[in-house]
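The form predicted alone is given below as one chain in structure tokens.
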């Protein structure tokens, strides 16, 4: 970071200092906040050399990921395995080591930082930014996302032992989130329970049915695999020819494919943004659902078991319920987990998810029939 003095924004000074701990080569042109993630603080490091793609620097949120050494051990293992299993010419996320050789560094206040090589990517008309919202299945290639996340399951299917660390214990265990919901209702730490009587009733009315995937796994009726566990489309880089690379590997750990499929649908097949103010506009984009399912099952034909396929459509409802519950929990807890931009932001996100779930419930048979048809016949 020999040229970091030309970056003058005071808010970036901790990042400038942290960057000096990593094996970054060349002269830095700028270091500025980057992206729209909910969890970490992310910065783009641009280099003076035009041909140098630069770096991504992140301060890890240790409230969410308290064991950074284990987190980064997972990521080093996963990226190494992906590099060996990825077709030549396709990018893979690359960890930049700290100057002491570790895959992370600590600043003077004890904070944890990490660094990745920036992956240059373009689409017709300019550089593509991965997005939370998919405008349409055709425009944003939902099928490509399905293929990429399906390919990830295949690539990780032969990851050597030992098992990956569980970076967020109980991340997709619905009972963990429901238990926290009950605790927050009793304690009401932010004094917000009185605002949400309808949401409380909504959660309670569906709670008993939402343990299905967990129960199937515990009974050995569906297998535990290495899964991504955060399959939002903004965790993929796309290029003119389709999906290029998955860029967020924090939650790669043992899980069920239902969670991956369901989270992709709840985040990508929402016809609006996750904080849409007009709930009347929130509905399931069936075209996105169908194209993603076609791409996903097209990759995984012959690998997934019948019990896994049979519950994919249900998983979309489960993950929409679960993430809505997580937003509601964070609202009750005073917005301590997800980044918020305004008062009531997490409550709005929860309400959007609950409205989306209602539309999925209305279209349940259509979703299940489509997945069954894909599983039964050729996938075109």
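Everything numeric in this text was worked out from a predicted model, so none of it was measured. Residue numbers count along the first chain shown, from 1.
Only in words, not in the display: the form predicted in complex with a small molecule, which the text now covers.
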Considering the small molecule in the predicted complex, which of 230, 275, 285, 308 comes within 4.5 Å of it through any heavy atom? 230
In this chain shown alone, the residue from 90, 212, 154, 168 with a heavy atom within 4.5 Å of the small molecule in the predicted complex is 168
If contact means a heavy atom within 4.5 Å, which one of 191 to 199, 291 to 299, 215 to 223, 234 to 242 is the stretch that engages the small molecule in the predicted complex? 234 to 242
Could you confirm whether residue 32 comes within 4.5 Å of the small molecule in the predicted complex, counting heavy atoms only? no
State yes or no: in the predicted complex, is some non-hydrogen atom of residue 326 no more than 4.5 angstroms from a non-hydrogen atom of the small molecule? yes
Should residue 74 be classed as touching the small molecule in the predicted complex when contacts are defined as heavy atoms within 4.5 Å? no
Does residue 69 reach the small molecule in the predicted complex if we count a contact as any heavy atom within 4.5 Å? no
Taking 205, 321 and 358 together, does each of them reach the small molecule in the predicted complex with some heavy atom inside 4.5 Å? no
